[in-house]
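Shown below, as structure tokens, is a lone chain in the form predicted alone; questions about how it binds or moves come after it.
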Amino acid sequence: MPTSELALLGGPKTRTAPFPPYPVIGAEERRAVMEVLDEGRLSTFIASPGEHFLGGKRIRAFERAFADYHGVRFAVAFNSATSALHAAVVALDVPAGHEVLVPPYTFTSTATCALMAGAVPVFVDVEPETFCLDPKALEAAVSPLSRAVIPVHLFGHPAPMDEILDVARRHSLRVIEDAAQAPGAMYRGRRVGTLGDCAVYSFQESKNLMTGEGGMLITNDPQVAEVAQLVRNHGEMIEASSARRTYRSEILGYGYRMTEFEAALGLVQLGRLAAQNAARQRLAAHLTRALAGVPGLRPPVVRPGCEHVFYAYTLTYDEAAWGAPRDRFVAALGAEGVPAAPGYVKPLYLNPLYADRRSLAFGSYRGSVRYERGICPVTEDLHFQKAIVLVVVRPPAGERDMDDIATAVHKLWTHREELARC
């Protein structure tokens, strides 16, 4: 017989069934994809009469619908948010050898998009409550070589944009919002993505709005939109008078085009976004209530004036309250049948790409950027000791699934002395 109630030590698991799988794919998504197959036009980035080499009808319809949803003039579809970020840095004319200020607690492409354009990322620490870029740290990081900043609305919570935009204005920085994890989130009455010079979204299959793979850039600047379209499509310009393809490359471009399949899914998913986000918010609120009274675990913070869309549900762990390190808690939670991650991604500057300067972009850089342990202490504290990320707080999971998470956590708290000893 087991000597402990903890599943980690041989006791019974709180939950034996897996959590419901994501993404949610219904009859509308299947029908939309089959219509593309039946028509037999899968990409349509061609110069047919009347078409302007800007993609098929669904791609253009998805762009228009996405722009309208955000109340902006332009949306440009891409095969990934990484591609869209690269295009954004190019479109905002960040010179090679100059700096783009980015948080280190984000997906890799928030920083590599600078290297892809010949610029260099400078990592700026985050706020401990929201995990988003700290405006005070941003102010301190600006140098004469700084040209742009990429605030990330991480996990679905808006970054403190008023303060970030104030720093950007005073130092003439262009602003690219990374809203990959926050479609539909609100900041003081405005949708995130509409506050900077442009914004980028991800439609990878784990996202709130998913197309499998894919991305979008939005902007009110016609020049930014035009350059983004060129970068997406091999740098080729279309002859305006005839709408014919000329194969004339105006700038260095790439094959970053979305397909009609992804656009078809995107149109359906955009129609579901409000309901999907509302479901995430209800589940998050339910779980937060169920975890009330558990010491040493801070649920996600939602700042006044912000609407969080909960791409992920993040807890902040206090080892002193539990008497056990964060990683042991996460292992015990997993043993109870609740998947969780200890932290998010390792602070990006600790990767060999930066530590060893493994990019040609560094050849033209004359600044003094540092990539070493200790430059962003809040990020390191969160990642290595405090942050816990739950990605199952999303539909089609329901409140009973959230109750299982809470039951497992309460069980661990009850047996925390055993957890501390194991």
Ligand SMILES: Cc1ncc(COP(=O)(O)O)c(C=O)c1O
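Remember, it's a predicted structure, so these values are computed and weren't measured experimentally. Note that residue numbering follows the sequence shown and begins at 1.
What comes next is about the form predicted in complex with this ligand, which does not appear here.
- Among heavy atoms of H86, none comes within 4.5 Å of this ligand in the predicted complex.
- At least one heavy atom of Q204 is located within 4.5 Å of this ligand in the predicted complex.
- Contact between T314 and this ligand in the predicted complex is not found at the 4.5 Å heavy atom cutoff.
- Under a 4.5 angstroms non-hydrogen atom cutoff, this ligand in the predicted complex lacks A75 among its neighbouring residues.
- Heavy atoms of every residue among T82, S109 and Y344 are located within 4.5 Å of this ligand in the predicted complex.
- In summary, the region of this chain contacting this ligand in the predicted complex, judged by heavy atoms within 4.5 Å and restricted to 283-291, 180-188, 256-264, 164-172, corresponds to 180-188.
- Put simply, of G214, G156, G193, P104 only one has a heavy atom within 4.5 Å of this ligand in the predicted complex, and it is G214.
- Distance criterion of 4.5 Å from any heavy atom to this ligand in the predicted complex singles out V152 from the list V152, V309, V90, V120.
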